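Take a look at this single chain in structure tokens; it is the form predicted on its own.
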């Protein structure tokens, strides 16, 4: 498989860092007020111009090819500043990869060729594993043999801002679930108000109630679970990269603050207990980053059992991110809970990221069961 070289990786990382510092950092606190404030459309348009919304696409669609490393690099850098934009990239890329894996090039090309971010974006319910829930939506054919969706799909990420949505649905008389593409702005779809979540506020989700909207099938109920697993195997590395970015950002802010803050006649970075906390944060971040790099390399080259390595790295990174962001607040003391410092947001975002592609406890159980098989 294709991978980007060290030079390309650095250029991509530099572009993502520059974008995060210029387009996200100055308005991070305001962006996090969504849905009680404006959505950051301008930052999203800049992300489109930089090609970040096409990273999961093949080179023929101006993407970076089938590898996962490039997307991980960008999401890592974005999450050091603001994880909400990385959540948008995650959701859009997940849906794009579903379309690619299903061979639905027409819909993908139509979406990728649009000239505005909202028209390019694809929505999907990325905070669950469809195989673990009872499906409220069902797919059925009308009297003209066309597929239509009816029912409800909760927590569709980007459902309120994207032009299209990729949704799971059950089929009467069949086990499992299938995948279908719908027009997210169809008159047969009623959307709830934006669901106010724990973290990733500017990566919004809505609940959808659907009444017979036309749908393009990607996979039937006999293939839906396999299609999800195929895409989730790689995308869990992106969730891990988001966690690593949060760890790096939390450590950097904690270190900068501890070098400036003085108490007891000396900088608090000189206190032995606080030094230990900072050292542990740095060690865990470096260890997670190294493991993620290795897992991405294994995935991009299709090494034997790379899926097991990816799951182990992703689950560990997400767990360590929750610890690191907690420590990041502790280092700052009372001001760590103030929104203008960013640590409070990272703490919430780390908890939210843990639920990508399914709840962490269930993902751990499935990890072992899959190994045993």
Partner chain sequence: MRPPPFEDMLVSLDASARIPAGMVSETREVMALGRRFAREVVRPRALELDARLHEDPDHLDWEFVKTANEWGLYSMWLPKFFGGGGYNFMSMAPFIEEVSSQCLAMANLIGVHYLGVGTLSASWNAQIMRRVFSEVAQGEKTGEPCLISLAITEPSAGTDAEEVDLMDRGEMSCRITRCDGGYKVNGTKIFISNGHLSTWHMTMGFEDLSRPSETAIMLAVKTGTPGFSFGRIERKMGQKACPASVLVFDDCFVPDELVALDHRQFSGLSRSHRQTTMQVIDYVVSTSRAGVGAFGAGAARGAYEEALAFASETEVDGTLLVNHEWAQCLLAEMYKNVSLARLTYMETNYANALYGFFRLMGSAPFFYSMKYAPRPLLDRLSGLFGSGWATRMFRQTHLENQLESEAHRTSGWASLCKFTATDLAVKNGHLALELMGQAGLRHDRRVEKHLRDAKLLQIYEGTNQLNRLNLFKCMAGADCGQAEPFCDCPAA
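Nothing here was measured: the structure is a model prediction, and the numbers come from that model. Residue numbers count along the first chain shown, from 1.
The same protein has a further form, the form predicted together with the partner chain, not shown here; the description that follows concerns it.
Although the partner is absent here, residue 355 sits close enough that one of its heavy atoms falls within 4.5 Å of the partner chain in the predicted complex.
Not displayed here, the partner chain is approached by residue 132 to within 4.5 Å at the level of heavy atoms in the predicted complex. Although the partner is absent here, residue 127 sits close enough that one of its heavy atoms falls within 4.5 Å of the partner chain in the predicted complex. Not displayed here, the partner chain is kept clear of residue 40 by more than 4.5 Å at the level of heavy atoms in the predicted complex. Think of it this way: in the predicted complex, the partner chain has a heavy atom of just one of 54, 308, 348, 28 within 4.5 Å, and the residue is 348. Contact here is defined as any heavy atom lying within 4.5 Å of the partner chain in the predicted complex, and by that definition each of 154, 335 and 339 is a contact residue.
Only one of 295 to 303, 96 to 104, 268 to 276, 144 to 152 places residue heavy atoms within 4.5 angstroms of the partner chain in the predicted complex, namely 268 to 276. Along 195 to 219, residues 195, 196, 197, 198, 201, 207 each place a heavy atom within 4.5 Å of the partner chain in the predicted complex.
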